[in-house]
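Take a look at this one chain, the form predicted alone, written out in structure tokens.
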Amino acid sequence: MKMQTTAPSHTATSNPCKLCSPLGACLVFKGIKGALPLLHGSQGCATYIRRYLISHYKEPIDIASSNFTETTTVFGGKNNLTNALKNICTQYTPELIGVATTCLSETIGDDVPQYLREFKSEQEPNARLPHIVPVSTPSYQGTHMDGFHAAIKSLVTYFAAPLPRTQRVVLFPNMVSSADIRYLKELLADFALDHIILPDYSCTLDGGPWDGYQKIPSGGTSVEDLAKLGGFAFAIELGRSPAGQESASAYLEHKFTLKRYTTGLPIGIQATDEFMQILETISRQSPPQAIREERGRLLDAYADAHKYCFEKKAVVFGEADMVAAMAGFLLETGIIPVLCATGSHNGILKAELEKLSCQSGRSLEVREGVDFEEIHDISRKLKPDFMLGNSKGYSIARKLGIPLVRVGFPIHDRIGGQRILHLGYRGTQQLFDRIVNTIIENTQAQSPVGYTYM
């Protein structure tokens, strides 16, 4: 079936369906043990990103800034960056500093890698310096997902070096929740795979209470493990966004000839089956009985709830990989994703949904590079039953008088966004139950009799 991809009639953007590139990079660096993100730019950029991350994760988050001023903008930011690095080393003693650029430093053309080389050369010969990893993240091109993938690629290219081959696995999980990362670690352990996850912010951004303030929370992927990447045997990449030679796993495959596996986010039965097959192939063992039982319960739930969700219409929005995975999951439950929207322009969503459209025989409305004004305008015509996406869609759902099922990032108006499990049979089960109960609750609330038994 041919998808509908009507071109927009305007070029202005109002409330974009995306976030800034340095935000994604900061999230990656928060998943490295002993690391601190540093934004080379104005203080406002760091404040904005801290606000977004803190609101979602409900954890204290430090993001340093080189604190551009008007003078810095004219004469360049080398001195500001040098002072910021010295202050961070003195106050935090990190193992790694991740330096992400902002629009301002990119626009004036600051050569950050050269600044870092000069900074290192100016230090005492025996000075103990942290690893300093730069990444280019101008927000005037790309989205937070581009910054996320760029930071991972920078870490891999910085650390990976030729080493003897070991049967270890590196999993690139995509920008998923802390609960998702914990679940992935559990799965890899169930298959007895020696692994690391890059990045791993499952504890750094969702930990327990502290006795006192911690400048850098414990947890994360260690720099020792990053330094061993060149000897790993396997890489698994979830999501389609970083295509070809642009991704970290593609770099490792090309540079160190490890075996690379890529698949979509494992949401829904079919997508999770594909991911489980990869784990079976690498581990050479079948899924444990507990995992097979989870799959069986999910199939049973699909059958139990089919009469409530069949032919219901949903608007799905957010990151391209998440939207594509959610659309595939909805279609296998009988729900129609009448609009699939993302703020990115990379063509991934369109390509993935073309496959789904052909498989399902349904015509899907797909929009890339959209803002929430356009999502609202299209949704009014499509008359969906609910929306599926992050908190930024709440105002549209409120105007349309339909519920919003919150998934992904950011979730600002509910507690526990970092603990939403999306992945695998278990995550799909929880998500499916939430969606069906939301449909039932909305129908129940609008019923003139307010029934209490289905």
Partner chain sequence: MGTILKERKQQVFRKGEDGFAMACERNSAAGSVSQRACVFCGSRVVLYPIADALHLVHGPVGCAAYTWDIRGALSSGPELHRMSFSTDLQERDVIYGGEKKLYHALCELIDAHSPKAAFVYATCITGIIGDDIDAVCRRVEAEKSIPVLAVHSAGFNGTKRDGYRAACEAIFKLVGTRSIPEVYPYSINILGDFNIAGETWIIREYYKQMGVEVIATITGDGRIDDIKQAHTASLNVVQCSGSMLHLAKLMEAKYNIPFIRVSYIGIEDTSEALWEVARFFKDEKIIERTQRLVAEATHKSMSLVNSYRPHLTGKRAAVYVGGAFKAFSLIKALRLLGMEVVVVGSQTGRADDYKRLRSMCDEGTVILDDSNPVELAAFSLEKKVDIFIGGVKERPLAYKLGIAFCDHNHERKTALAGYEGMENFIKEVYASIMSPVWRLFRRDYAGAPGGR
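Quick caveat: nothing in here was measured; it's all calculated off a predicted structure. Numbering follows the first chain given and starts at 1.
The same protein also has a form predicted in complex with its partner chain, omitted here; what follows describes it.
Taking the partner from the other structure, its partner chain in the predicted complex has no heavy atom within 4.5 Å of any heavy atom of A25. Using a 4.5 angstroms threshold between heavy atoms, K215 counts as touching its partner chain in the predicted complex. Contact annotation: F275 falls outside 4.5 Å of its partner chain in the predicted complex, judged by heavy atom distances.
Shown alone here, P403 lies farther than 4.5 Å from its partner chain in the predicted complex, counting heavy atoms only. Judged by heavy atoms within 4.5 Å of its partner chain in the predicted complex, the contact stretch among the candidates 286-294, 82-90, 184-192, 161-169 is 82-90. The partner is absent here; in the predicted complex, the one residue of L388, A35, L423, I49 having a heavy atom within 4.5 Å of its partner chain is I49. Note on contacts: among T438, Q430, Q444, N15, the single residue with a heavy atom within 4.5 Å of its partner chain in the predicted complex is N15.
Contacts to its partner chain in the predicted complex (heavy atom within 4.5 Å) from stretch 102-135: C103, L104, T107, I108.
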